[in-house]
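Shown here is one chain on its own, the form predicted alone, set out as structure tokens.
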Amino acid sequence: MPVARASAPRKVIDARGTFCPGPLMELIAAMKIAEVGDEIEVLSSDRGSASDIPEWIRKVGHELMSTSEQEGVWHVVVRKAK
């Protein structure tokens, strides 16, 4: 019988008020210590994060779960895939 992994709480990186590459660098640091399957949400007020983070995620082979903008804050959710 397969054992389902309990989902870990989503880690949130609040990078509002910083500019690229700051939010991406904070995500990269968090991914280094995250476990496979962990989800990380980056909050950024820098519009560039909405394109820079997904581009990096595709390049390194992780999963982009969602990208949305709410009241000037970008919410980028990623999952560590390897």
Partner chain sequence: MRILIVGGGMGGTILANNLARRLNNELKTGKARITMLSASDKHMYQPGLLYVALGRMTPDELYRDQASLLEPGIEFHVDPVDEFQLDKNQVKAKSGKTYGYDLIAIATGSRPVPEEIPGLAENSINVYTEEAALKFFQTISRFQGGRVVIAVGVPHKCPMIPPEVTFTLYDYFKNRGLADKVSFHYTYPIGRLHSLEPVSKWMEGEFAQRGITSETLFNIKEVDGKKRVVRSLEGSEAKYDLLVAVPAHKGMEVIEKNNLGKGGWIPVDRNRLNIEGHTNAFALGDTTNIPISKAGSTAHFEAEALAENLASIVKIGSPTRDYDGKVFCFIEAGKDKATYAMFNYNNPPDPKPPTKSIHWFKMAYNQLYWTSARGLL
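As the structure is a prediction and not an experimental result, all values here were calculated from the model. Residue numbers count along the first chain shown, from 1. If you superpose the two forms and keep the largest set of C-alpha atoms that fall within 1.5 Å, you have the rigid core.
The protein also exists as the form predicted in complex with the partner chain; that form is not presented, and the subsequent description refers to it.
Checklist line | Close approach of E26 to the partner chain in the predicted complex, 4.5 Å, heavy atom | finding: Flag for E26 set to yes.
Notebook entry, point to check: Hey, in the predicted complex, is V73 touching the partner chain, heavy atoms inside 4.5 Å?
Noted result: Heavy-atom contact with the partner chain at 4.5 Å: absent for V73.
Notebook entry, point to check: Is C20 close enough to the partner chain in the predicted complex to count, meaning some heavy atom within 4.5 Å?
Noted result: Because a heavy atom of C20 falls inside 4.5 Å of the partner chain in the predicted complex, the answer is yes.
Notebook entry, point to check: Does E63 reach the partner chain in the predicted complex if we count a contact as any heavy atom within 4.5 Å?
Noted result: Contact with the partner chain, no.
Checklist line | Those residues of 54-76 which, in the predicted complex, come within 4.5 Å of the partner chain by heavy atom | finding: E55, W56, K59, V60 sit within 4.5 Å of the partner.
Next item on the list: Using a rigid core alignment, state whether the CA of C20 is displaced by 2 Å or more between this form and the one not shown.
Entry: Yes, C20 moves 2 Å or more.
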